[in-house]
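Take a look at this one chain, the form predicted on its own, written out in structure tokens.
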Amino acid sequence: MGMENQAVTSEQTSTAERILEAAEDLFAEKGYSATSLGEVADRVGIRSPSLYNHFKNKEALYQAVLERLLEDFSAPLAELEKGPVNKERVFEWLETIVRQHHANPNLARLLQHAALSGGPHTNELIDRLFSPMFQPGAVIEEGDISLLESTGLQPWAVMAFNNLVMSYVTMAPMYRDLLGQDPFSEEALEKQLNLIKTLLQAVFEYKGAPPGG
């Protein structure tokens, strides 16, 4: 009986995971409002009533999708904060984040839909994912970053770099022909990383007064 119960539990877990994966893809493709539970069930290959055995409604499913994405994408920042936050470790963290978004563009796409048409728990996701980087001195503790700290521009810098990373995976496919290559290829990824690192290095090395200062 114990082995049978374990088999049932394993099957339920597997079904729940497949539901989450299908829902994540659909929410990223269409947004919260345009996605129905029936579509999720169809993609998983189960009947709609069966879905309610795992998630009580669409909002609960959406929140579970967000939680899973949050766990994956907040892990690198949590790792960064475990040690001294110097420039080298910031660059390592940045590369990890960029590679994560290339490997799974669903978070960026889901947030883009949420920004345009809304969705439950979005503000909570944004707060938990980005608020640590908006704190003074949170991004880096070494070097001259007067452009950020002395002018109060750090939150805008965080937004700019996050937008640069996320908008690439949502918008770059539109420029596939202009780029002349797959925007998700390793070569394109290296070019994006070089661009972001060059811009971030310029911020670290900035020593003059900002415009209007």
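Heads up: residue numbers just count along the shown sequence, starting at 1. A quick note: this is a predicted structure, and the numbers were derived from the prediction, not measured.
The discussion below concerns the form predicted in complex with the DNA, not included here.
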Notebook entry, point to check: in the predicted bound form, which of 169-177, 155-163, 66-74, 50-58 comes within 4.5 Å of the DNA (heavy atoms)?
Noted result: 50-58
Note to self: With the partner left out here, check for me: in the predicted bound form, does some heavy atom of Q192 sit within 4.5 Å of the DNA?
What the structure shows: no
Item checked: Contact of Q181 with the DNA in the predicted bound form (heavy atom, 4.5 Å) -> no
Margin query: Can you tell me whether S185 touches the DNA? I mean in the predicted bound form, with a 4.5 angstroms heavy atom cut-off.
Written below: no
Next item on the list: For the stretch 22-38, return the residues whose heavy atoms include at least one within 4.5 Å of the DNA in the predicted bound form, in the order they occur.
Entry: T35, S36, L37, G38
